[in-house]
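Take a look at this one chain, the form predicted alone, written out in structure tokens.
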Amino acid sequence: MTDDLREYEVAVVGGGPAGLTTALYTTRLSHDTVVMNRGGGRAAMMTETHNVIGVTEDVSGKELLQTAREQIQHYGADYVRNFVESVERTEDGRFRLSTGSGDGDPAFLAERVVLATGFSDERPDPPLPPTGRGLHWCLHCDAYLFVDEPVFVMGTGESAAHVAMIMLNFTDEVDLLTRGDEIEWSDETDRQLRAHPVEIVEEDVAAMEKGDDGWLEGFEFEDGTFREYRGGFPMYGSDYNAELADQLGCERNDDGTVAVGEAGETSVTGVYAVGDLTAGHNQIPVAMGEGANAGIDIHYELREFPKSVAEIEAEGEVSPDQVPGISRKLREAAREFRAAGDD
């Protein structure tokens, strides 16, 4: 086992918008923080950023995340590109997080753990257009792109049927592609769906055509027909990356998400979950808000001052040499940040 053991107040697992926002808050609120990220993720796949006020659409997901990583490191947080294999509570109540599988991989000790590991979208079988050029995973982010454009929805469940009907708010050309699979939505939903001008296409996709710009132009089906589409939404469910939550014994909801309170606190004391790992809208601004709430709540729990009356009576008054309650590393980072702003 590695002898490289690094100690922090806060360990964030996951480097998406939720995890990075949590780290931004905990770091700026004086807590030594590390972000551990295996790379990838849904935000990193975005060719354009939508619905984030102040961020223009020509910013890709990779650019957004890179800027965020640079920000938190500038404030004094550490960022580690590695995969967290396991986490366990130690005898002193902290959490030990182990990375990698080799002897040279570091381990981490932290007083609080924040799980921001998200989920992976279940992908339908190919042929499929590229993500961001005809294949879209977020209705609330990307429906605007398809105003007055022909659009498809793939799937056979309740969510597919309802998304197909929702897309009628944006265009009058909506097809629901079941791809030869058996319909799974309820009889009531079927009655509702067939009362809307959505065409259900049962044939499977045989091939696709893309334009010179890389965008989808349409699908050819096994019966030889061709239908034009600008893009669409596959609705096959989510695979939640909750292995660490399960190792810690965090309670899960029926849909697979991790159950949390208002500030992202899980059923396990000291463990938080934020972003797409939790129930709710899978949106960058929502994830950022959850990260901010968790970061502030963690600060309330970990901050050194003010001491309570009970602590003062037991330990004595706070002396000048005990303040400020911030590590030397973060204190130096704050000084450098201020100096850079004065230049």
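Computed from a prediction, not measured in an experiment: that's the story for all the values here. Heads up: residue numbers just count along the shown sequence, starting at 1.
Heads up, the form predicted together with a small molecule isn't pictured, but that's what we're talking about next.
- Partner contacts here mean any heavy atom within 4.5 Å of the small molecule in the model of the complex, and among 26-34, 294-302, 279-287, 313-321 they occur only in 279-287.
- Listed residues 138, 259, 87, 205 were compared with the small molecule in the model of the complex; 138 is the one with a heavy atom within 4.5 Å.
- Among residues of the shown chain, residue 186 is not one whose heavy atoms approach the small molecule to within 4.5 Å in the model of the complex.
- A residue is said to contact a partner when one of its heavy atoms sits within 4.5 Å of a partner heavy atom; residue 13 meets this definition for the small molecule in the model of the complex.
- Among residues of the shown chain, residue 70 is not one whose heavy atoms approach the small molecule to within 4.5 Å in the model of the complex.
- By the criterion of a heavy atom within 4.5 Å, residue 40 is counted among the residues contacting the small molecule in the model of the complex.
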